[in-house]
Each structure stands twice: as C-alpha cells, then as structure tokens.
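There is one chain below, alone, in structure tokens, taken in the form predicted on its own.
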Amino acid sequence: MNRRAPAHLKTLRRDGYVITLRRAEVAFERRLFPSSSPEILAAVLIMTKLVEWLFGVSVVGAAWALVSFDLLDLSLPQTYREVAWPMPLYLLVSFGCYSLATVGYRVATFNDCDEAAKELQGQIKEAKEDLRKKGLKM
C-alpha cells in the first residue's frame, strides 16, 4: 500500500534514500541550502539538534566551573560554591526523573493503531496463502 506523508511533512526520494522533513526544515533548507542534496540536508539537520544540546551543556558547564572554582575571582560567598559543587549530580538526577516520567507517560497514553493492525493481519493472511500455494505446510 502506498502511503503519503502527512501534510506537514515532505518526503524526498533520491538515490534510494527516503528522507522525511517537516515544513520548517524544508523552508530552512531552501533559504540556506538552495542547491544541496537531501542527504546532506538530513545530516545537517540531525547535527543541528546535537549541536544545540552540546552548546547548552557547554554553557551550563562553563557557568558551573566559574562558580565552583571561582575562576574569575568574583569573590562569591563560600555557600555559593558549596551549593554549586553538587549541582551536576542534581541536574543528572532531575534529567533522569524527567526522562522516566516522559517515557512512562508516553507508554500510558500510547494509541492503538487498529487500522494498521487490520492491515498487518491481512498481509499475514496473504503471505500464508501464498506460502500454501507454493507447497509449504503450516
């Protein structure tokens, strides 16, 4: 069955690759990469999210190092450094709790795909009939 991408997605096919992009990413591609191939565009978009996360972690890490080790001689009270020192551990535990809660929520609200299940059952029946015709006994 040939399925089309939803209206907010654009599917690019080139050299055996299928790349699905959101409308915002397509607009981004047209402005910055007017003559680029879809493969290069997909690699740039994937790396963009990685760069965002690395930048955020770097900023937080730099701020933590400045406060914890008093690198700029800001003459901060000792209590600031005592609070800042275990902050990476607190952030890691908070991120883990958030991730666990998000996964739990997504599992609890997972939608059943009745149409896809029916389609899959039909394909299984077709495959069984085809195998029976070819002589396979089940």
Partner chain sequence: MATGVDQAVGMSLVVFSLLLFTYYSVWVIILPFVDSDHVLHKYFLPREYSVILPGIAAVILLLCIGAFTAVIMWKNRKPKKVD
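Numbering follows the first chain given and starts at 1. Just so it is clear, the model here is predicted, and its values are computed rather than measured.
Beyond the structure shown, there is the form predicted in complex with the partner chain, which is absent from this document and is the topic of what follows.
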Suppose contact means a heavy atom within 4.5 Å; in the predicted bound form, does that hold for all of Trp85, Leu89 and Asn111 with the partner chain? yes
Give a yes/no on whether Val107 approaches the partner chain to within 4.5 Å in the predicted bound form, heavy atoms considered. yes
Inset, instruction - Classify Tyr80 as contacting or not contacting the partner chain in the predicted bound form by the rule of any non-hydrogen atom within 4.5 angstroms, answering yes or no. - result: yes
_Residue-level question: is Ala101 within 4.5 Å of the partner chain in the predicted bound form, judged on heavy atoms?_
yes
Give a yes or no for Val59: in the predicted bound form, does one of its heavy atoms lie within 4.5 Å of a heavy atom belonging to the partner chain?
no
